[in-house]
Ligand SMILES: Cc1cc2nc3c(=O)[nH]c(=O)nc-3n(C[C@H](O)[C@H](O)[C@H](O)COP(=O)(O)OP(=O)(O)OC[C@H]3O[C@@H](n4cnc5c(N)ncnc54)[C@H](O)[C@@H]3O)c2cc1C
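Below, in structure tokens: the form predicted on its own, a single chain.
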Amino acid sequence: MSLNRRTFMAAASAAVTALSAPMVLAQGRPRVVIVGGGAGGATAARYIAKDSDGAIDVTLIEPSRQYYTCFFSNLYLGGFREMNSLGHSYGGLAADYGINVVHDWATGVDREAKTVALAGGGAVPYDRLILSPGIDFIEGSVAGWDLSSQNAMPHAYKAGSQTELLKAQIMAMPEGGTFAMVAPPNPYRCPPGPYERVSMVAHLLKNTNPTAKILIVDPKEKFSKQALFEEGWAKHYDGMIERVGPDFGGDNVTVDANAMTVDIDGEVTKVDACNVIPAMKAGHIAEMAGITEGNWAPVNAADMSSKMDENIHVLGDACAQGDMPKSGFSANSQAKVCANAVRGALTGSTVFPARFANTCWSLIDTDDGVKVGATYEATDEKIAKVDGFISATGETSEVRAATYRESVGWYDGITSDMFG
């Protein structure tokens, strides 16, 4: 084979890689610590462990022993899924990929010492730290509501017991009662999520309590897939759903969990179940690490590294990433880019250009699924949208049923991608 400039450069690069990797490994296995075992963290842990073939020591810190996906949790409310179908164990990551899974809370990050403190005591050292803590709520964003109110007025935006509680409250509503949702302001986890939830609650009530009403109190002028949801609500749940936007006081709401009332711009409504989804921010550990700016953690799009610390990467809902929505699909996509970059930095393996994708499916009624999605690329400024698509209004029932089946296949695929 003759050597031209391109093949020479490739060969030279391989030679550098071959020389540099043992220099890193000679110091002992490099250590990656990941905080948060959701779509971002579990995926990153699995890909780094799998693709490094044992060359990197991977520790995953996650307090829960069973992970319940927030995506598809609305379908549990609608009766399309059982809660146990949304639960996933970390056993496979430990047994099949050699990941050290620590069930504890991360309580602090010492960026100078490169350690993560644990609630149970001790500290875990890292060479690279990946934070994927999801979201926390902004106290006071909904007047009258704080975490002490979450049993009376559940947020159900971290799946599990909160989701089960909300469904029990909906099922206990009196005949002809009122379900209220206080929707969050932008930006927040899963932009179509609150409106799919309304669809699933409506589906449940149509079958169990058909004279009940649903009230949406929304601070936003518009929302994701609005035309598709409104078309579906008119078709399946005509007269059941009322939305109050900011033009009618939807951005001026106070709730009273003891009285079970919602005050919209001075007008008080008694409700029977109330789902309060507050404004959101990055999971608290990102703030404690000192890598947030405002409510979120800004990142470099090429490798998801923090703009404040090159040894820390931030994935999923917690990061300020640019055009990508906060979703499980996005977190999974970002995790693969990050895993490739971290492995390359620690072992000298090939790093491929960053490419991102996202699709969000929503179920409106039985076999009536819609979707929106896009592809993205890394720029110096942000993750930038390249192109996108969205379901059309007026699609046939066959198309909508196929879209729903596609979403079920995606769920099986992404959870396998996360947990093996």
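For every residue, the number given is its place in the sequence shown, counted from 1. Since the structure is predicted, the reported quantities are computational estimates derived from the model, not experimental observations.
Although not depicted, the form predicted together with the ligand is the subject of the following passage.
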| item | value |
| --- | --- |
| is_contact(P63, the ligand) in the predicted complex, heavy atom dist at most 4.5 Å | yes |
| A331 within 4.5 Å of the ligand in the predicted complex, heavy atoms | yes |
| Contact of Y47 with the ligand in the predicted complex (heavy atom, 4.5 Å) | no |
| Exercise: D104 in contact with the ligand in the predicted complex, heavy atom 4.5 Å | yes |
| Interface segment, criterion being heavy atoms within 4.5 Å of the ligand in the predicted complex, picked from 125-133, 226-234, 262-270, 203-211 | 125-133 |
| Output flag, C338, A354 and K385 jointly within 4.5 Å of the ligand in the predicted complex, heavy atom basis | no |
| I285, L93, L166, I291 - the one with a heavy atom within 4.5 Å of the ligand in the predicted complex | I285 |
| Stretch 298-313: residues contacting the ligand in the predicted complex, 4.5 Å heavy atom cut-off | none |
